[in-house]
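Taking the form predicted alone, here's one chain by itself in structure tokens.
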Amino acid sequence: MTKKDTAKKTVAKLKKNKHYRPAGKKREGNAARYMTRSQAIKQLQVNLSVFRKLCILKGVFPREPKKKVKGNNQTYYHVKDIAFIQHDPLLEKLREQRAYQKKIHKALAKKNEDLATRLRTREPSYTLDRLIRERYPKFVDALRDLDDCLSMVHLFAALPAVERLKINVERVHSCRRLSHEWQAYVARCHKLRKVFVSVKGIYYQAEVEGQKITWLAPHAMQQVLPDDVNFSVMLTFVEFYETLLGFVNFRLYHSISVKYPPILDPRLEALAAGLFYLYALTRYMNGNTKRISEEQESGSTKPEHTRGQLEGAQFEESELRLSQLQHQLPSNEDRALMHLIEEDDDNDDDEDTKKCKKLFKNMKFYLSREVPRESLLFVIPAFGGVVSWEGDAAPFTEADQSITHQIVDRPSQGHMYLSREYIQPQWIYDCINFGVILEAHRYLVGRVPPPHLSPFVDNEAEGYFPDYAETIKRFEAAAKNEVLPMPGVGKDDLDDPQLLLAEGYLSRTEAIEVAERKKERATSEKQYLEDLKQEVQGHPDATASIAVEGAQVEEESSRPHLEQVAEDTDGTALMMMSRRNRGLFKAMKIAKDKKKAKVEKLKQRKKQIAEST
């Protein structure tokens, strides 16, 4: 065979095999779609810390390919994600910063302090505004991703400033300011829905523009910073979350016609560095800042004579509108125009917001110094209450006779006013979670309060109802005029017409109809007993009637049991399933059995505690 024939055969073979490629050339499959972290760092020409920062800021996460080409102990990224980072202008900014840091270190190594100081003042910086708009094109997307953001910001707002871990004072103050601005909006618009106090901290859930946002705020205690936590990664997240929360607060404040960032009252701003910043923000948001800002903006852009003419025309127009409205309002009502405005605002709210706004309405609370003041200053105004505290800048003092509740968290209270109730802080949180004003005698000072139940647990889905949950359920039903069976009484016992008529749940006509049906049922039972007696005495007619009834009973008893039918149906369906669906079904059944065993264990434990006491 000549060389020419060999070449022809090779060409024919290559045409036949379309996927042929020479060794070491083009890659396909997972090897072409994914790369390891070391390969990505080499392609981007950065170190590991800068690569982590870029991935956090750009929202790039590792992937799990079906086939790990380089081994199971590697971290894989998609090629398109790395290309997405490579073409971002932020990469060049971080490279400039790193090169500039080398200049500063070089100046310090040569002991040239003046040059190092000048270089620090001119250090290049970057902003994350473009990344926020890129990652969240719509405002709803930002709200959906706000859970971790709020938890991280509230965490750093409670941390101490540690120079060794690069947690500076400015960052802590910025997180505290942003968290208080968020809480002020939620309290002002009555968007808070659930609160739960746990060992980790206090869980809050708010509903903003149809999105449920849940976050965790740590307790106001001294925080211990562990050594096994990588705070550099957390600081990168906080850097991004600060910008995100600033954008969200800006949009929310402008949605209710409030200027952002807020300008506080100078008298309150001096006291707003600590726990009273939230109160100062609430005072600011309750003011009519929109009218003032509009007047200032219009006044600053117009000339002197034009401004005077416009102010005179606006004043005359407003006086005319007020006079027209006053003719429509009742003459004996005080501040009737303000009531009309408030009613218009209430009509724009949904049902949950209206309910939250009226929960603590006409109630005044006074906080003792030992209670969690910052949490209660946020929670009570969010549900329509008025709150004060012991200290400077308080709206009213402890001696105010209009106070309805004083929140105390100590074994005993010395001086007590008879015009108010002294309760524990748990009463506030339980009233919020259940949506009703609970009985205060269970939460009095010195008493052991009832269990603090989590509002995030669905008792019906879990299959276990705590005793206090049953009590609250009956209390809610009584508040809504609903009928629920008492403990130990079935639903059939509610059919008593005399009881329902006495309680006012039935009209007299309905009660008469129920009584007639009950009388007919009793008559038929009595007739059956008389026929049974006659059969015993030997009457043939009674025997025939009893035989007919016995045949009906045998027919009913001959029917297969419902449970047996259900088991047969499940077995047939299980046989018809595929192997994958059968495995899923068995896993669901195992999970259901585990939940049932957990409920039984809780019931046994409750029974043992009841027997021991």
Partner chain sequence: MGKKPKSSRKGKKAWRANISTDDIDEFIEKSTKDALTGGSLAEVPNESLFFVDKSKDLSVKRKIEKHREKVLHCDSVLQRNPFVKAIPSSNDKKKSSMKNKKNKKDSTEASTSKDDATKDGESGIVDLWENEAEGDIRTRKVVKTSVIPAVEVDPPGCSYNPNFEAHQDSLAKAVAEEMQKVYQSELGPQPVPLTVQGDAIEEEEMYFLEVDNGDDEANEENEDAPEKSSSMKKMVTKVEFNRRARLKDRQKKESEAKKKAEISKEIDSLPTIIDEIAKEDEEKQKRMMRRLVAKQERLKQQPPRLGRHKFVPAPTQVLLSEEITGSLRKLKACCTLATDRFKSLEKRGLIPPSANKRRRKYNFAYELRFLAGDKVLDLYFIDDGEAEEAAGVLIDVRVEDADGIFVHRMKAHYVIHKTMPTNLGPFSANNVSSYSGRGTAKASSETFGRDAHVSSSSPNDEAAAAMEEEAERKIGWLLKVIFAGTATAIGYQFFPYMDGRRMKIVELGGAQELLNMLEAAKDDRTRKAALEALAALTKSDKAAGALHKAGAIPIVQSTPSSVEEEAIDKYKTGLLKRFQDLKYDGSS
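Residue numbers count along the first chain shown, from 1. Just so you know, these numbers come straight off a predicted model, no measurement behind them. Just so we're on the same page, rigid core means the largest C-alpha set that superposes within 1.5 Å between forms.
Keep in mind the form predicted together with the partner chain is missing from the figure; the text below concerns it.
- Although the partner is absent from this view, Q401 stays clear of the partner chain in the model of the complex, with no non-hydrogen atom inside 4.5 angstroms.
- In the model of the complex, the partner chain sits within 4.5 Å of a heavy atom belonging to L584.
- Using a 4.5 angstroms threshold between heavy atoms, E390 stays clear of the partner chain in the model of the complex.
- Contact check for A99: every heavy atom lies farther than 4.5 Å from the partner chain in the model of the complex.
- For the candidate set L418, V224, A461, A109, a heavy atom within 4.5 Å of the partner chain in the model of the complex is found for exactly one residue, namely V224.
- Among P451, P124, G435, P395, the residue placing a heavy atom within 4.5 Å of the partner chain in the model of the complex is P451.
- Segments offered: 99 to 107, 150 to 158, 356 to 364, 183 to 191. Contacting the partner chain in the model of the complex at heavy atom distances within 4.5 Å is 150 to 158.
- By the 4.5 Å heavy atom rule, the three marked residues N73, R133 and F231 all count as contacting the partner chain in the model of the complex.
- Using a 4.5 Å cut-off on any heavy atom, the residues of 171 to 202 that reach the partner chain in the model of the complex are, in sequence order, F196, V197, S198, V199, K200.
- With the core held fixed, K42 shows a CA shift below 2 Å between this form and the one not shown.
- With the core held fixed, E462 shows a CA shift of 2 Å or greater between this form and the one not shown.
- If you fit the rigid core between this form and the one not shown, you'll see the Cα of I56 move by less than 2 angstroms.
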